[in-house]
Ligand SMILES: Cc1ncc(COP(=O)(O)O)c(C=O)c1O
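In the block that follows, a single chain appears as structure tokens, in the form predicted alone.
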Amino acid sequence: MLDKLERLPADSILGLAAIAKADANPNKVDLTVGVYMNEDGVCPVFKAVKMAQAALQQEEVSKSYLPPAGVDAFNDGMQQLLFGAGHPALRDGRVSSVQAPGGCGALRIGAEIIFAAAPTAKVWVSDPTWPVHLPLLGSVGLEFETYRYYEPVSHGVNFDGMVEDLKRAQTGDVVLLHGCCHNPCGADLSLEQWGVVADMAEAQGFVPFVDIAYQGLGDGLEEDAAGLRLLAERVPEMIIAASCSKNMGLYRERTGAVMFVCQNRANAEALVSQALVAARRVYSMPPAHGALIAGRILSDQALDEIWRTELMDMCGRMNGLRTGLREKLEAASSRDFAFIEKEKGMFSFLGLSTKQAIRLREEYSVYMLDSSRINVAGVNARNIDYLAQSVASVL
């Protein structure tokens, strides 16, 4: 039986990262996988995470299963983080949540709920979107439509095209939105544009599904959640997939949550029961370590303040890298790269052709996706000049 299965190609991003890792060129630049790197090229552990982890190790007396819904302090803390204290949806008891194995697990449970409620619903995804959105949501049997989003010429959001396409979304359809720091283009909606999307959701009856994996890495924790909060005030129903991989550095701990904004408290409670049944058949029980750490940070004022300061510093460094990269590229190429500075989060399209991206890999050991999507956090003081000169050489 098993010998009939053929070898599949490696994931396009992870496979390229493996090639970069094996490259012996001391000048190589790896801009592939979306992981935050510090100036030393290391994905760091937050001080607040180390402190919470140390306290947990001192206190922990059991490795038994968590409750199926996960850590209460984590679920409550994530709701407060995303919606803000006093949000009407929280005040009215319209929000419920379940801990999940990372943002991916949250997306998958959200997809399970959509399929259970409306198996013929179409999920509208942006063009482009994170490639893993499609297998995560499509594996339950959901079908997709796409809406225009990124405009390569302007390096910004094609909002007119987005609106025109979403006019075809029907009642009961689902529209997948990036909460902030769009992956892979870094071009975000303005708050005014979020309001237009809310108007359309109210009028047409589609359900927003917000994937927010980078809160705090764009303009700040509050600013990055503004669009999500606006939607939650306006629409009767929405789904949210949240992750602590990036803003707490808990990548390997798989720490995420799926949230449901419902029409009333009873419906919110019903959604938890549905999510737990879905989780039982997908992964059974949630992982503990990351959620215990995140829950401790979010519920402890001192740790929370330390974490917020660290995250703010990280965000500031990312925005500084964007400014520096723009300046270096413009100086090396005499071309306009102002768009890099306007984008948010970890990603940007440099606007290169596939041929140019391949040349960068083969001739200069500069690794980016064929689309020229780069992880800005892979840039540092040691490689920025080499990167800029290499890009200029293939233009």
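Bear in mind the structure is a predicted one, so any value in this text is a computation, not a measurement. All residue numbers refer to positions in the sequence shown, first residue = 1.
Another form, the form predicted together with the ligand, is not on view; read the next lines as being about it.
Judged against the ligand in the predicted complex with a 4.5 angstroms heavy atom cut-off, the residues Ala111, Lys122 and Phe206 are out of contact without exception.
In summary, among the residues Ser96, Asn247, Asn183, Ser126, the only one with a non-hydrogen atom within 4.5 Å of the ligand in the predicted complex is Asn183. Residue Gly103 is the only one of Gly290, Gly227, Gly103, Gly218 with a heavy atom lying within 4.5 Å of the ligand in the predicted complex. From the list 156-164, 279-287, 207-215, 141-149, the contact stretch for the ligand in the predicted complex under a 4.5 Å heavy atom rule is 207-215. Contact check for Gln79: every heavy atom lies farther than 4.5 Å from the ligand in the predicted complex. At least one heavy atom of Leu107 is located within 4.5 Å of the ligand in the predicted complex. Contact annotation for Arg254: at least one heavy atom lies within 4.5 Å of the ligand in the predicted complex. Taking the partner from elsewhere, Trp130 is found to have a heavy atom lying within 4.5 Å of the ligand in the predicted complex.
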